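Single chain ahead, written as structure tokens, the form predicted alone.
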Amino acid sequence: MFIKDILSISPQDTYNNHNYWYNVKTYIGNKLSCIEPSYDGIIKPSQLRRMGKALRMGIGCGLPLLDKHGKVDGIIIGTSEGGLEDCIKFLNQIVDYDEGTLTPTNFMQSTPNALSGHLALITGNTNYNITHVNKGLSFENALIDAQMLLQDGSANVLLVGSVEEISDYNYNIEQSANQYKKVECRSNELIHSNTEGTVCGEGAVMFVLSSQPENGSICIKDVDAITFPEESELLDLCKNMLRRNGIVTNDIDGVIVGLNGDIRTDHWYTNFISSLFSDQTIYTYKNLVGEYPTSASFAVKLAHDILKNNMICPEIIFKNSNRAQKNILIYNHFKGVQHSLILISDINSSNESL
């Protein structure tokens, strides 16, 4: 499947900014919050003031793409939490109002599929519409769903994306579980911090995916995932992916890994690199956007920018091989439990459609 267009809201200035890597933002602390754009002309002010952060970010990315590319054959969203802040507000209202008259807005935005539903209602799209809620594999399952639809001819063009917000409720729980660092950390030092915990991130990324290539298109060739693997099983998963796509490890020019500065789980990445990709350029991305369940969507955007726009950004280079970039493999895991691989190629090196 081929990437026709992308819009992203992230802790970096990525929204409608193709040169964001020239001015990478550095953060101090445990939260990397998104730089939200002005939604003027995208979302009506009467609707905007009622929207939670996740919903307005998702619509802010998805609606311009739908307006630009017309009616798509489906809307597929991956999210772990959805608008969790609105969900908590709604649950609290049940208690505060003794199950009486509740605010409908919080109810409507309390479910993870609120974004896909809103996008469909706003654009009048009655085609395939689904939200995948699978924690750290939500976005990857959305991609697999899109891949199957495009492969069997059920769809030609799809809107696929992810959204995640930092909610106080979820942040406090994860902080209590030692998910985040106890001492404030600069984001540009995160990868080499060598301490327990990481930093919390958020973001929304939307893609228009097509079964047919266009001039300059980047191809998402394959997606795979595994849960609770042994290290040998992960390596076998990667080898099998490469084999069924007719390539070997040396054909991979760059690997984007989800290193997040947590000494307890980063060994998955370093062992993966040393076992299979010791000669490739290694990129990182969570020092730009933080850790969150659907962060792999930003890694896909990053791979697209590297391949299509020749993105050169020292902040993301963990190891440089000076190889020309044609095939990039993304490896990410969530808390060392859910692991995923995404293979992305320049269309000039692959003319096969998925």
Partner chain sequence: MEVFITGMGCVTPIGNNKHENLTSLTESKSGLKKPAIFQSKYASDFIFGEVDMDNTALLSLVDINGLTGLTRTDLLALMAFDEAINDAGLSREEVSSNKTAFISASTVGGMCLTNQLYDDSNLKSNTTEFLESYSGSAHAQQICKKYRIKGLVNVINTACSSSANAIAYGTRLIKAGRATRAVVGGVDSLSKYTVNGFNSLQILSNDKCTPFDENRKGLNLGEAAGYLVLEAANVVAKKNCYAKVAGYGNSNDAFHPSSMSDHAKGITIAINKALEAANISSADIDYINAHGTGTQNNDLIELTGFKTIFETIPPFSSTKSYIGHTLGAAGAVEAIYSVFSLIEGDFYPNLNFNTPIGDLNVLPITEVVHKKNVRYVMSNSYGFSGNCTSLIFEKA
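Remember, it's a predicted structure, so these values are computed and weren't measured experimentally. Residue numbers count along the first chain shown, from 1.
There is another form of the same protein, the form predicted in complex with the partner chain; it is not shown, and what comes next is about it.
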property	result
The partner chain contact in the predicted bound form: residue 88, any heavy atom under 4.5 Å	yes
Contact test in the predicted bound form: residue 190 vs the partner chain, heavy atoms, 4.5 Å	no
Contact of residue 222 with the partner chain in the predicted bound form (heavy atom, 4.5 Å)	yes
4.5 Å heavy atom contact, residue 183 to the partner chain in the predicted bound form	no
Partner-proximal stretch of 196 to 204, 258 to 266, 120 to 128, 212 to 220 relative to the partner chain in the predicted bound form, 4.5 angstroms, heavy atom	120 to 128
Option touching the partner chain, based on a heavy atom within 4.5 Å in the predicted bound form, out of 156, 271, 176, 278	176
Residues of 212 to 236 having any heavy atom within 4.5 Å of the partner chain in the predicted bound form, listed in sequence order	222, 223, 224, 225, 226, 227, 228, 229, 230, 233
